[in-house]
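Only one chain is included here, represented as structure tokens and corresponding to the form predicted alone.
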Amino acid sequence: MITLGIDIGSTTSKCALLRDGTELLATSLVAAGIGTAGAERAVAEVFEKAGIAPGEAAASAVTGYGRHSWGRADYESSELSCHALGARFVFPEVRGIIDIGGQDAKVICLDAAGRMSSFLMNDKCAAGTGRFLDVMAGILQVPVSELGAEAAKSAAPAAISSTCTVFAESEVISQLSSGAAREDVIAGICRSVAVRTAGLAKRQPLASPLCMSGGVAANGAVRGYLSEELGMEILFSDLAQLFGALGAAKLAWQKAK
């Protein structure tokens, strides 16, 4: 049985196709807002990559920030449940997930059976989210995908406020004007995201293994600083940004079978 998972985020739309809930056939990721245009393209792309017709999918499920904008899925589920399922698909023993998305950050705790036992979410402030990194990358005129590599060059990360995006923006400009090295400023920005997220995570009963999901997971500097702050290893997979879509495809299989 082939199932389709769709994750419509605030900045990207992701899809995953699974066979029998265990075999990953294809994935897609389209940078677009929460409207249906990005999702349409992501769905078309994932079927093209898999080399199968859309009609061959027995069931589909949608999740994410913009899930209510997509009315053609058989099932709909929260991001929390789907990220948990997706993380367990890649890391079967995982007990904690830190998801940093475009507009929010979530900390999800799982029991030994993989069921969600508790969670916390920051969706009121851009600090500690992908949006914060996007804004800072724009100021620095560095692609957001290169922030982690640039931060790795730093020997002395600059001190950047982690409490407000607006104040941090002024602080970054001030640091650069004062002659701070760009890599040190970038490292400070990455550390500020990690500190903010760690503050959220420390309010939960975290257990190992711990992993990250969402687009920010690909930023090695944020992962490294977050690991330092929590005193725990953080597992990483190249599929991290697709955990929501993977979980949605798994959910569709569980329900349809």
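Sequential numbering from 1, following the sequence displayed. Since this is a predicted model, take the numbers as computed values, not measurements.
Beyond the structure shown, there is the form predicted in complex with a small molecule, which is absent from this document and is the topic of what follows.
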Query raised in the report: Is residue 237 a contact residue for the small molecule in the model of the complex, using a 4.5 Å heavy atom cut-off?
Result: no
Query - 4.5 Å heavy atom contact, residue 28 and the small molecule in the model of the complex - result: no
**Report entry** Interface membership of residue 145, the small molecule in the model of the complex, 4.5 Å heavy atom rule
**Finding:** yes
Query raised in the report: Does residue 131 reach the small molecule in the model of the complex, with heavy atoms at most 4.5 Å apart?
Result: yes
Query raised in the report: With the partner left out here, if you bring back the small molecule in the model of the complex, are 81, 117 and 204 all within 4.5 Å of it by some heavy atom?
Result: no
**Report entry** Answer option from 97, 186, 85, 100, heavy atom within 4.5 Å of the small molecule in the model of the complex
**Finding:** 100
Query raised in the report: Among 189-197, 216-224, 38-46, 52-60, which stretch has residues with heavy atoms no more than 4.5 Å from the small molecule in the model of the complex?
Result: 216-224
